[in-house]
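As structure tokens, one chain now follows by itself in the form predicted on its own.
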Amino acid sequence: MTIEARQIGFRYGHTPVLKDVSFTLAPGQFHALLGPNGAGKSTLFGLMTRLLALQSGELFMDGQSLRKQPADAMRHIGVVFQQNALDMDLTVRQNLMYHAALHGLSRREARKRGDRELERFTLTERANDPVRQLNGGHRRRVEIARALLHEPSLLLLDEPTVGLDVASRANLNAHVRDLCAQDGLTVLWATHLIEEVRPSDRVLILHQGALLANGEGHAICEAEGQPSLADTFHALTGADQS
């Protein structure tokens, strides 16, 4: 799925949060939306998932306008928000089945897809455990598995590693990259952590609502005359490299 944003603008009252943001996400690639806290990343995700209404600009998904054809566009999107959205008192499987029902999947198909995702995320043995018994890393895996049940073409992840330890962050990041390679999934991974981004990634650097850079990490570093993405990020945003 090709995603195109054209001059997206958004304000909370008189305060601009996004300023003429334009970009294209290529099918089957991992894209990193890199920006400090408060850059506008969550607002952009809110617009892409229709939790917020577009004020100016347009969003297209495979040529379909999100403003004019929201139902057609939204059924191709899976999303994992920064805040945990699982029901902590339901089991892992019950969380998956509930999500599948919301998307109109039959119980049989939901079970089939749920089993597939549980196996892929090495969660089969935890299927009947209440979510509150899982650690943070496993809960995030359940959220991603749930987001993939309706077989979306685009997966949006908003700061998905918040609260996880270093090893869990790295494992989750690697797993999502594998999804791109194996399934041709288009991914937009929003983060303020430079270690989650590779120089070979397509990188969008967002700061104070403006898109300051957009392209392959190597090329952005070269254009800014910086030796690394960390140095480039710091030079463009003033954000601490750590």
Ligand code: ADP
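As the structure is a prediction and not an experimental result, all values here were calculated from the model. Heads up: residue numbers just count along the shown sequence, starting at 1.
Unshown form predicted in complex with the ligand; subsequent notes refer to it.
Enquirer: Even though the partner isn't displayed, in the predicted bound form is T186 close enough to the ligand, meaning a heavy atom within 4.5 Å?
Expert: Judged by the heavy-atom cut-off of 4.5 Å, T186 is well away from the ligand in the predicted bound form.
Enquirer: Give a yes/no on whether S42 approaches the ligand to within 4.5 Å in the predicted bound form, heavy atoms considered.
Expert: S42: yes, in contact with the ligand in the predicted bound form.
Enquirer: Heavy atom to heavy atom, is G63 within 4.5 Å of the ligand in the predicted bound form?
Expert: Heavy-atom contact with the ligand at 4.5 Å: absent for G63.
Enquirer: So in the predicted bound form, does any heavy atom of C221 sit within 4.5 Å of the ligand?
Expert: No, C221 is distant from the partner.
Enquirer: Could you work out which of V17, L25, V21, L229 is the residue within 4.5 angstroms of the ligand in the predicted bound form, going by heavy atoms?
Expert: By the 4.5 Å heavy-atom cutoff, the listed residue in contact is V17.
Enquirer: Looking at N37, S200, Q55, Q182, which has any heavy atom no more than 4.5 Å from the ligand in the predicted bound form?
Expert: When the ligand is considered in the predicted bound form, the option within 4.5 Å is N37.
Enquirer: Spot the stretch among 213-221, 55-63, 174-182, 29-37 with residues whose non-hydrogen atoms come within 4.5 Å of the ligand in the predicted bound form.
Expert: Within 4.5 Å of the partner lies stretch 29-37.
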